[in-house]
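Coming up is one lone chain in structure tokens, specifically the form predicted on its own.
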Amino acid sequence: MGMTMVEKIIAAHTDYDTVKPGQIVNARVDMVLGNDVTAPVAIKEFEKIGIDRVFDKDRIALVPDHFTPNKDIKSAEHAKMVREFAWKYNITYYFEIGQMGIEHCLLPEKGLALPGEIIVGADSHTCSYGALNALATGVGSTDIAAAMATGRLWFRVPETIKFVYSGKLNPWVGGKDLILYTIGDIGVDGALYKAMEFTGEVIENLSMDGRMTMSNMAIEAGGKCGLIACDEKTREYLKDRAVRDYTPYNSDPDAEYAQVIEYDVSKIEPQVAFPHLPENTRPVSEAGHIKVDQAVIGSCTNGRIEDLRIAARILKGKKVHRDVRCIIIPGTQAIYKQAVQEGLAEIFIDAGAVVSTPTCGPCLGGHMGILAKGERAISTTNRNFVGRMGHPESEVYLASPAVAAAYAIKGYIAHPEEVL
């Protein structure tokens, strides 16, 4: 019997020739990631170990992005702790203001997430790098401390669910709609501790930005990771980025899956996830004219240049509704610069939106767009739990950049075609 992608990657990082679901293994890791929220806990635990060096200063990335630029004294202290640790251990890939970005946009951009690797991060959306054929997964901060010290972690080999997407995408339907539709179908625990393998002609034709959006939200279905095969698009994306050699792994034709789920994407229209779960999805045509107070376009899910271009297509020559605050957050400094060079930032500002420095900001209820009691937001972020973006009695609706931009103009849930 052959192996799936995730099984091959895990086996390659152990002393086993083959592994099978349920097996517990001790595996080498290729990259360890921490941010300003999770790294301080890991740093404190690392110091308790009593060693004077990290396992490899070139295999650790530290990205203060959740509360930066620092929103208060506590966040400043956290960022300071991360900074001092990076200096003390001479961490090569430390990115702060001026160089930083939202971590899951930044690492692929810097060529630090590569096919066939195992990447662990103290952030659940580390699974984003599955779009690059990496076994990337979120772990606890204490696990990050152990990984920084030893370069190894234990894993239970997950089963794999194969998702096959076929047909032709409808206008304004992209990676965000596909993953929201999938989560709406299987539920937030539908892939619990399973690898989600995204395949089919639609995935092959999807841009790298779209693929990263899909892998990013694997965790919203309970997935351990969200993997996509390495192909020519992947290699082209990495051609001038990759900092290391890499070895991709594709599933064998006779690999065994826990389940195979097929979708005809021609039946999928732009999606909206209603409060308070990402699985509470509806097609935009059935969403109704729900008034919103804020539109957020950005985050590690949809803060890439393709996302900003789509939003700009909708907003160009129009004005944000007087009752809506529209916040645009580029994923990295490079994306921000490109948005300026392409005239996208000017379109946003002329429309009445505000363009923020790269930050996680409002996604986790951090800063740069907190909701008051009774307010509603349409957001391209990944979670809409109770109180996720502010007051417990506020509401978050998840959607693509196209739908969020249409919201911003109309002031209520709307299909992009309604504003064009």
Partner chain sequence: MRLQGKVFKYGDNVDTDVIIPARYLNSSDPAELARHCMEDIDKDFAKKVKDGDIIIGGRNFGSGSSREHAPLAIKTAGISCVIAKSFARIFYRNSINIGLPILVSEEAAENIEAGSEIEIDLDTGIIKDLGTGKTYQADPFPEYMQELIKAGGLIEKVKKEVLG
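Numbering follows the first chain given and starts at 1. Nothing here was measured: the structure is a model prediction, and the numbers come from that model.
In what follows, reference is made to the form predicted together with the partner chain, a form of this protein that is not presented.
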* Asked: Given that the partner chain is left out here, which of Asp264, Asp189, Glu201, Glu84 has a heavy atom within 4.5 Å of it in the predicted complex?
  -> Asp189
* So which of Pro248, Gly138, Gly174, Gly111 reaches within 4.5 angstroms of the partner chain in the predicted complex, heavy atom to heavy atom? -> Gly138
* Contact stretch among 93-101, 222-230, 325-333, 308-316 - heavy atom within 4.5 Å of the partner chain in the predicted complex -> 222-230
* Within 4.5 Å of the partner chain in the predicted complex, do Tyr16, Asp58 and Tyr237 each have at least one heavy atom? -> no
* Asked: Is Ser285 close enough to touch the partner chain in the predicted complex, meaning at least one heavy atom pair within 4.5 Å?
  -> no
* Asked: Would Lys373 count as touching the partner chain in the predicted complex under a 4.5 Å heavy atom rule?
  -> no
* Any chance Gly352 has a heavy atom within 4.5 Å of the partner chain in the predicted complex? -> no
* Asked: At the 4.5 Å heavy atom threshold, is Thr357 in contact with the partner chain in the predicted complex?
  -> no
* Structure fact -> Contacts from 373-395 to the partner chain in the predicted complex (any heavy atom within 4.5 Å), listed N to C, are Arg383, Phe385, Val386, Gly387, Arg388, Gly390, Pro392
